[in-house]
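Here we start with a single chain on its own, the form predicted on its own, put down as structure tokens.
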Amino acid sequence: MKEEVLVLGGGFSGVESAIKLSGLGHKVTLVSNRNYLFIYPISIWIPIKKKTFNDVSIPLEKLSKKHGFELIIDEVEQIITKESKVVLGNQTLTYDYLVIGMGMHKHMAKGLEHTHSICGKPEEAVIIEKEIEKIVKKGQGKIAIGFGSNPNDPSATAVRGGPAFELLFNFSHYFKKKKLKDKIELTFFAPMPEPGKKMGKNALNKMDVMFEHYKIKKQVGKKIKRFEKGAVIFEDDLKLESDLIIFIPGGDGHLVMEKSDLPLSEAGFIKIDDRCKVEGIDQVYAVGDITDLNGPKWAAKQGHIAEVMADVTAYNIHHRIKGSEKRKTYHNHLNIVCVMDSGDGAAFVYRKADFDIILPLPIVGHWLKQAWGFYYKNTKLKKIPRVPGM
């Protein structure tokens, strides 16, 4: 009788875990609270009408049929590892092995309801699209885009910076094509004095050049006191007025973890070892944003790291079931990789412990990011072969 592996979460880490484990011949059930996988890195193009919601979504039912795992659409309410049990909204499941990849929640800020986020609920991308359309029809306006942090978990910050920068650059290019670039004011804001620092010194130095090129104003280094309708209020009561505020908060631990018996960091993330096994709990693993990513201070929670962790977890579970001593670690794969799209090109950003680079890719960079979106979606659906290591 096959041992049953239960995977929680329909995002990058959860889906990749289910695909890899199923591919290794295991009986896998994936639980997700939505019926599609949302491809966040290319959702930046929804607000400017380059992509539709369906373009950046993959139905989980299609993935389950292609890869042979079972699928349950339901909410996870509680995890009880002492009883090898997961309580859902409509049923309770048991497991032999558990993989938790449910993502993270927002680090809350006062007045957050007056903002929108490109990294929050998927449907917010469509709301932002409608708000941009209103400003374009009006022919003028102010847009403020920023990101925050979680002081208790620095790894949940850097991943939030890239999409904010990409929106700014894409909006600038979009408004230029609409001949509205001088009539719509774009401002970037962040509470830290050097936003983007985690990408490395080279990338940080280049950001000011890019802001100037795309005519983007900047307000950084002041803590955010609160958000109001039409304004960001900073600690010294400086007021940044805006017709549309897009804010990407830092990450906080998933709320379900508060009701579960898992070891958590101060910020509420699941503590794991370098093999993705949950500390002190046998046969339970955690992957992606929900984890307390242990590594260098510059380490960031990104989609490709989530998939690396999924691969490591699948490998380790598989060899444990086989009785083999073979194991993998995700530590030697820690890096920051980003193709920072601007609509008219991109910048390739790469950082490791002792090396960082930012490489401008005019025109071709935008094509590369589009090609990645096509590759990601179609390899998941098995329409084209996957390149080993990607």
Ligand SMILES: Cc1cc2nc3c(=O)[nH]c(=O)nc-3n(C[C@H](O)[C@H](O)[C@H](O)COP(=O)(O)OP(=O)(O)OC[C@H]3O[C@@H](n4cnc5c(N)ncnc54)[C@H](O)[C@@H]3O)c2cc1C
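Quick caveat, the model's predicted, so the values are computed rather than measured. From 1 onward, residues are counted along the sequence shown.
One more form of this protein should be noted, the form predicted together with the named molecule, which is absent from this view; the next part is about it.
Novice: To verify the annotation, which of these, Pro191, Gly200, Gly103, Gly268, has a non-hydrogen atom within 4.5 Å of the named molecule in the predicted bound form?
Specialist: In short, Gly103.
Novice: Heavy atom within 4.5 Å of the named molecule in the predicted bound form: which of Lys65, Lys352, Arg34, Lys27 fits that? Just give me the one.
Specialist: Filtering the options by heavy-atom distance leaves Arg34.
Novice: Taking any heavy atom pair closer than or equal to 4.5 Å as contact, tell me whether Leu293 reaches the named molecule in the predicted bound form.
Specialist: Contact check for Leu293: no, nothing within 4.5 Å of the named molecule in the predicted bound form.
Novice: Residue-level question: is Ser43 within 4.5 Å of the named molecule in the predicted bound form, judged on heavy atoms?
Specialist: Ser43: contacts the named molecule in the predicted bound form.
Novice: Could you confirm whether Gly303 comes within 4.5 Å of the named molecule in the predicted bound form, counting heavy atoms only?
Specialist: Output for Gly303 is yes: heavy atoms within 4.5 Å of the named molecule.
Novice: Do Val99 and the named molecule come within 4.5 Å of each other in the predicted bound form, heavy atoms counted?
Specialist: No, no contact at 4.5 Å.
Novice: For the chain shown here without its partner, which stretch in 137-145, 216-224, 112-120, 316-324 has non-hydrogen atoms within 4.5 angstroms of the named molecule in the predicted bound form?
Specialist: Of the stretches listed, the one contacting the partner is 112-120.
Novice: So, a 4.5 angstroms cut-off on heavy atom distances: do all three of Phe12, Glu75 and His254 pass it with respect to the named molecule in the predicted bound form?
Specialist: Every residue of the candidate spot has a heavy atom within 4.5 Å of the named molecule in the predicted bound form.
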